[in-house]
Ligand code: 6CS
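First, one chain by itself in structure tokens, the form predicted alone.
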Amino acid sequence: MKRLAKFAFSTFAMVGTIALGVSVAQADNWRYAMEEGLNDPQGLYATKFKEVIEANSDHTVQIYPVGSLGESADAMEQAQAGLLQFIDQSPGFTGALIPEAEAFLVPYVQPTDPEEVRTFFKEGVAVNEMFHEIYREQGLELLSVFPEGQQVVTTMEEFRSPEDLAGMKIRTMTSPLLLETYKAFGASPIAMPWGELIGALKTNMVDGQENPTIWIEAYGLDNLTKVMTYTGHAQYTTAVMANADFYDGLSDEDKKLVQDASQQALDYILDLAVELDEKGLAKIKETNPDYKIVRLTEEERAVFKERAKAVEKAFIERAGERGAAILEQMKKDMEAAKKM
């Protein structure tokens, strides 16, 4: 009830604001909500998007960082209702609305090499073609999909096999598919909101977690664990969307403006994400020199890749034939990126 009341209040406030001006499709002030702060990857993308829009038009973009409009579900409801023009949300949250988006959570269907990652997200058929129709069905125009960094696992003890992970309580985002992933990997996963993670690590409620290096360093997660392991299983991925009715109501000139801004912001964040990842790792090595950093060998990864087939099956059961087709195309896109 509290979440519904919060949504009702924010909806009423935004409707009042919109009522004072012209229609949403013609509004000069565009509203953009996201799941992170201004200095985080989503915030850096949003800031670049805003800069391009405002430098090339009379429009303005108002950015709402994490928590400004309630929880992720609240913001998505507002985006679908047309009260927000743009929203950035990761598949870990949109999966309930768009099951096919959880393809980005399936292990070992995305590259890890920076150049291959760029090609995969810039040129991949799955990302740039297949998802658009699916998001459209939910009243959303997909503008960009981008990685925030490779998912890295931090634990109290070293692991190199599923047997080593047995009994380890690994925190995941509140996604059923991520729970399936760590079950398949041999661990005992616990779904938990981000706000509870640090306390859970301090009290040994969980033994580890996964996040990109930038988050591990920024929030001191290396100080709460002893080992950081590169498994190569996933990128932390997020998607930027526009309300479809708003987008369709734009002039051709403004549509081009939005597309140009999204592509410039994508190029910017693809380069910056690599830089941020490297800086995060360098800071961890500098401030925590005794912290153990492990990179699984190809042979060790092969065992986890085999286990990941169970996760693929769980995803296809949830996302159906379209999900299976997307997953197959993502694998092809990954192979194509390796050949570039």
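Keep in mind that this is a model prediction, so the values were computed, not measured. From 1 onward, residues are counted along the sequence shown. Definition used throughout: the rigid core is the maximal C-alpha set that superposes within 1.5 Å between two forms.
In what follows, reference is made to the form predicted in complex with the ligand, a form of this protein that is not presented.
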{"property": "Stretch in contact in the predicted complex with the ligand, which is absent here, among 303-311, 273-281, 288-296, 35-43 (heavy atoms within 4.5 Å)", "result": "35-43"}
{"property": "4.5 Å heavy atom contact, L83 and the ligand in the predicted complex", "result": "no"}
{"property": "Partner proximity in the predicted complex: W215 to the ligand, non-hydrogen atom cutoff 4.5 Å", "result": "yes"}
{"property": "Heavy atom of F93 within 4.5 Å of the ligand in the predicted complex", "result": "yes"}
{"property": "The ligand contact in the predicted complex: Y236, any heavy atom under 4.5 Å", "result": "yes"}
{"property": "Contact residue in the predicted complex, chosen from M173, L224, M130, M168 - any heavy atom within 4.5 Å of the ligand", "result": "M173"}
{"property": "In the predicted complex, the one of N211, T181, S144, T155 near the ligand [non-hydrogen atom within 4.5 angstroms]", "result": "N211"}
{"property": "Core-superposed comparison between this form and the one not shown, V294 Cα displacement 2 Å or beyond", "result": "no"}
{"property": "Per-residue C-alpha change between this form and the one not shown, A314, threshold 2 Å, rigid core fit", "result": "no"}
